[in-house]
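Next up: a single chain in structure tokens, the form predicted alone.
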């Protein structure tokens, strides 16, 4: 709950253009509390100017921390970044990771330099001013432009990371798994990719062409790139490990964002939302198979509920 306790400070961090990097161990918000994962934890800042990225294993968490500092501290960005690590599944597990040599890190991460933004008697600046209606909109617009520029900086950072560290993540914004010939795809974030991939391999043996798109960067959102990718399929299912009560079609946060990104596309496949795995509940292989079967029916023209809670007691 530290993320919530610090919320006033978290709110002002983007507007102050402080390139902070935070690791958020996504846990269910009180009340009632739970140690298990829910993405509403980190998603609480989604509209405040924080960059948001989700990882699905410890190695990616370490690598993304380096990338996040590189992006946040770039003078074209200067925005904070939160790394979403799923509570319990990732934060309370143990696994070996490859720690890079210091010289590689030094080559990838330049020293933090605020340039002329440092407080100095010869360079008076104002921190956290009360601007009211005179300048508030302009400050918000500056943050908006910085978030737009961060997409380019993210691409540059991943390319340099692959060159220096020898690990290539491909598309920085989302991972594709067995999508080349897929009829339908599931979309999600974080550690749920493990049970989804296991289920996909089993369903492939049964002749069901299902794929996965795992979103990494939620802010900035890869709207055009994601819409171009998802328009290739006959149906899309978004697995939300979060909730957004009262949202359009009572869907989760990610599903609503995906639908908004798809709206300008000429080809818009059916998009179903599955709310699953809240509070650390397992997203099981049978859950994934059930969601995929609903998607395949939607792809065949059979009407399906736009939002379904999966794995819940009847």
Partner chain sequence: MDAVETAATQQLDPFKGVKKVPLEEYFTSGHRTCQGCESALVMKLMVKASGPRTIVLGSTGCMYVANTTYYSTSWVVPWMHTQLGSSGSAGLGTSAALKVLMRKGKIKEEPINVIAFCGDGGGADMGLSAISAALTHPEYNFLILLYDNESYANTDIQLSGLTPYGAHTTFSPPGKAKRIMHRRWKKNVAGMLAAGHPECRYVATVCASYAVEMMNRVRKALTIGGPTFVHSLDPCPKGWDYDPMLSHELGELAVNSGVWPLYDVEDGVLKLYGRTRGIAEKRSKRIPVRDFLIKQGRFAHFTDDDVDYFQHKIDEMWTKWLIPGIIPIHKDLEKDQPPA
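Source: prediction; values computed, not measured. Positions refer to the first chain, counted from 1.
The discussion below concerns the form predicted in complex with its partner chain, not included here.
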- Just to confirm, residue 101 within 4.5 Å of its partner chain in the predicted bound form by heavy atoms? no
- Task: Tell me, yes or no, whether residue 12 is in contact with its partner chain in the predicted bound form, where a contact means a heavy atom of each within 4.5 Å.
- Result: yes
- Message: With the partner left out here, check for me: in the predicted bound form, does some heavy atom of residue 119 sit within 4.5 Å of its partner chain?
- Response: yes
- Message: Check residue 131 for me: does it contact its partner chain in the predicted bound form (non-hydrogen atoms, 4.5 angstroms)?
- Response: yes
- Has each of 5, 112 and 124 got a heavy atom lying within 4.5 angstroms of its partner chain in the predicted bound form? yes
- Task: Please determine, with the chain shown alone, which of 181-189, 131-139, 223-231, 149-157 has non-hydrogen atoms within 4.5 Å of its partner chain in the predicted bound form.
- Result: 131-139
